[in-house]
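Shown here is one chain on its own, the form predicted on its own, set out as structure tokens.
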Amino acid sequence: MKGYAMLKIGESGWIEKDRPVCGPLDAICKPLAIAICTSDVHTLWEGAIGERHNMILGHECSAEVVEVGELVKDFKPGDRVLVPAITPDWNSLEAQAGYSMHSGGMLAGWKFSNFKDGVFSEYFHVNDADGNLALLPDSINTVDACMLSDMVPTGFHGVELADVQFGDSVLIIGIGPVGLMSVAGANMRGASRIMAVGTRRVCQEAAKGYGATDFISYKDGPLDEQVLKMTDGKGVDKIVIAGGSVSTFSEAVKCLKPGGKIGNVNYLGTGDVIDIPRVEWGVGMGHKQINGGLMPGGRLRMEKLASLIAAGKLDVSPLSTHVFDGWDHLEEALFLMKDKPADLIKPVVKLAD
């Protein structure tokens, strides 16, 4: 089969590989549409997870089942499916402890384009098919379905980690596709004021549609100074970090009320340590919590999130600003995500309807 791979840090291209082998609990799928993630950029050009050689990239797609193992009960060849970016081993002790995304070790539920070949190929392997795949509802198109792989579950998980409640004031740092889904999730959870950090007009317009009430730009000065001014010195109840760098945490802590919570879902591709300001953290006793987590994968989560789209509660179509047709445009879409032009939110390559 053909696949688009990371040859080494900073280099990528098409390669030939053997089609993956299907185990008794597994499935082999072919993509119907694939989406490019900023994580692919971090992995390929920043070497965020270390050196990888000839590893097929990609972890966001909708797909069709081609083959299933003899012990798979609920899926068959020809089924159109949702594929989560995180595919845990559901019989692991970590999954039984409630941390499926870390099954087999920290972040080990993230398999595609990390520990094994990803989805930018003619065929790809899904472990534990009954636990990780979900049927794609007929009412959801293949492009929108890609957003359910990572953008929706990750953005919503940031809201879960921040424990957003009715009436909370919430700061969303970064309003790329994940941050936009954090805006949507915070709004669904009843946030009263949603302050979004981001300057690109296309992202701001989408954020307004998802429920953002205020906008902040790093260009206008330190983030914490702006937030404290906008809140009469009180700060916000909850923060979701969906962009920025290791230095973002220092400003976030300064923005947070005592007893507040930060949910981080930003992939920190560079840097060695995170600074937490001593005084603003209450000299260690301010009850300001920082929770960072990889989004849960799995079938149940995919089904529940898909039901929001199918029921008209969530519209993900504004995320896919650049849709291409055919494999020939994959590299173009990847480099587009690297360069991030002003009108981009998310590039998707459609392979079938």
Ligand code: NDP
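Quick caveat: nothing in here was measured; it's all calculated off a predicted structure. In case it trips you up, residue 1 is the first one in the sequence shown, and so on.
Keep in mind that the form predicted together with the named molecule is missing from the display, and what follows is about it.
Exercise. Among Phe75, Phe249, Tyr123, Tyr267, which has at least one heavy atom within 4.5 Å of the named molecule in the predicted complex?
Worked result: Checking each option against the named molecule in the predicted complex, the one that comes within 4.5 Å is Tyr267.
For this session: Go through Ile262, Cys255, Val197, Val164 and name the one with a heavy atom inside 4.5 Å of the named molecule in the predicted complex.
Result: By the 4.5 Å heavy-atom cutoff, the listed residue in contact is Val197.
For this session: Answer yes if any heavy atom of Ile175 is within 4.5 Å of a heavy atom of the named molecule in the predicted complex; otherwise answer no.
Result: Because a heavy atom of Ile175 falls inside 4.5 Å of the named molecule in the predicted complex, the answer is yes.
Exercise. So in the predicted complex, does any heavy atom of Lys340 sit within 4.5 Å of the named molecule?
Worked result: Yes - in the predicted complex, heavy atoms of Lys340 and the named molecule come within 4.5 Å of each other.
For this session: Evaluate Pro318 for contact with the named molecule in the predicted complex, applying a 4.5 angstroms cut-off between non-hydrogen atoms, and reply yes or no.
Result: Residue-level check for Pro318: no, no contact with the named molecule.
Problem set entry | in the predicted complex, Cys61 touching the named molecule (heavy atom, 4.5 Å) | Answer no; every heavy atom of Cys61 is more than 4.5 Å from the named molecule in the predicted complex.
Exercise. Any chance Gly3, Val119 and Leu351 all have a heavy atom within 4.5 Å of the named molecule in the predicted complex?
Worked result: No, none of Gly3, Val119 and Leu351 comes within 4.5 Å of the named molecule in the predicted complex.
Exercise. Counting only heavy atoms and a 4.5 Å cutoff, which of 129 to 137, 273 to 281, 229 to 237, 148 to 156 contacts the named molecule in the predicted complex?
Worked result: After filtering at 4.5 Å, what remains is 148 to 156.
For this session: Determine the residues of 28 to 49 with a heavy atom within 4.5 Å of the named molecule in the predicted complex and present them in sequence order; the list may be empty.
Result: Result: Cys37, Thr38, Ser39, His42.
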